[in-house]
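Single chain ahead, by itself, as structure tokens, in the form predicted on its own.
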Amino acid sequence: MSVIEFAANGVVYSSIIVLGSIGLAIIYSIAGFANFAHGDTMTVGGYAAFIAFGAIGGLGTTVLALPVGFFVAVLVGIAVAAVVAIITEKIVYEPLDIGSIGLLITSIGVAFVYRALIQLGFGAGRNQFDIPAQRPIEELIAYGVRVTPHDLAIVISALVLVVGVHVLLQYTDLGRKMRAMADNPDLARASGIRTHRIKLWSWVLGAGLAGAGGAFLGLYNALTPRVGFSVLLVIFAAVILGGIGSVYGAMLGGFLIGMVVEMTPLLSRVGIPIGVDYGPAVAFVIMVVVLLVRPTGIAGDGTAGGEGI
């Protein structure tokens, strides 16, 4: 494969990682703890989309070789992931008064519960959307780029969602309140902002983005009960690299880490014979090197805990 082909694959994979990273950063900024169930929330969204697509698969015409029903299924995956996250917040996290470390450990247990329930329902094997595989787009092959219409759909969909998050945070009342709460929860509460409601919206937004990422993971490869967990550490690396709690840092970190993972095989051309399976390890090494130079991450503002959306 050429460098351009590796880079093209990196852009597709990064698009998924960016969605997961933004969601994790939003939840960390508002809820105040690192949610280790975030990867399995992606899995929940992916399987919800899988079920929905099984029911409405052939709905409508096709866009980029995908039936419109697939995009409707992605919306279902987003909604289900958000609802599951809200239920988990109300039943598990909210009643607990155990601090951020306690909530972090609790979220590990929540992740196991999510995964076990999915495995009980669908088994441990692979599940794929009933969508025919596509050949690379002929017009792009001439430029050395081998991506399918499905890959292009993932990139464009992720870009639309990222722009939507930017608009929400910068140009809506909800976004301004979320940023105010992320900067200083006490001041936001004293200013009359209903912080409890803003926290619920952060779960909706963060888990919804994770659900979309899970659906695209299923389209990119396949769905298994561990598919979200398999990318969780990569997402954490992206969020830490970008600057913990920074949404825009998560976007940049997710893109960079995703590219590094997919382009790792290129190291074999300079005498380091490792494959893509070692990509996450290489990404972590790069993350550590960057943090040694800039401890708050690329977009971290250096405030206590690196918080701030």
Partner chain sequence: MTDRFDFGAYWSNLTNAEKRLTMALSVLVFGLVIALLTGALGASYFLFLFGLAGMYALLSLGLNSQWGFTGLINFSVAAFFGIGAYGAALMTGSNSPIAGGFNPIFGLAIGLVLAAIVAVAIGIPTLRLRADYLAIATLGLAEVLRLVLQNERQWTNGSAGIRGIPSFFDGWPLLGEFPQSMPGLEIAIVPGSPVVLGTPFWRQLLNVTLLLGFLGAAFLILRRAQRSPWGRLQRTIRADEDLAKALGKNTYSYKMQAFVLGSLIMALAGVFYAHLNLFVNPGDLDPITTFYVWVAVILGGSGSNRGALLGGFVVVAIREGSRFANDISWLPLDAAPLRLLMIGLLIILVMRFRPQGILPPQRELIWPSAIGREAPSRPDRGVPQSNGGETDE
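Residue numbers count along the first chain shown, from 1. None of these values were measured; they are calculated from a predicted model.
What follows is about the form predicted in complex with the partner chain, which we do not show.
Inset, instruction - Kindly confirm or deny that 75, 132 and 219 each have some heavy atom within 4.5 angstroms of the partner chain in the model of the complex. - result: Result no, not one residue of the spot touches the partner chain.
Legend entry - Option touching the partner chain, based on a heavy atom within 4.5 Å in the model of the complex, out of 155, 168, 113, 193: Flagged contact: 113.
Legend entry - Single option in 87, 160, 142, 101 placed near the partner chain in the model of the complex, where near means a heavy atom within 4.5 Å: Answer to the contact question: 101.
Inset, instruction - Please check if residue 180 has a heavy atom lying within 4.5 Å of any heavy atom of the partner chain in the model of the complex. - result: No, residue 180 stays farther than 4.5 Å from the partner chain in the model of the complex.
Legend entry - residue 34, heavy atom within 4.5 angstroms of the partner chain in the model of the complex: It does: once the partner chain is placed as it appears in the model of the complex, residue 34 has a heavy atom within 4.5 Å of it.
Inset, instruction - Using a 4.5 Å heavy atom cut-off, state whether residue 291 contacts the partner chain in the model of the complex. - result: Judged by the heavy-atom cut-off of 4.5 Å, residue 291 is in contact with the partner chain in the model of the complex.
Legend entry - Exercise: residue 125 in contact with the partner chain in the model of the complex, heavy atom 4.5 Å: Looking in the model of the complex, residue contacts with the partner chain do not include residue 125, since no heavy atom lies within 4.5 Å.
Legend entry - Answer range among 103-111, 181-189, 78-86, 147-155 for contact with the partner chain, defined in the model of the complex as heavy atoms within 4.5 Å: Heavy atoms within 4.5 Å of the partner chain in the model of the complex occur in 103-111.
Legend entry - Partner contacts in the model of the complex for 211-241 (non-hydrogen atom within 4.5 angstroms of the partner chain): Residues within 4.5 Å: 226, 229, 233, 236, 240.
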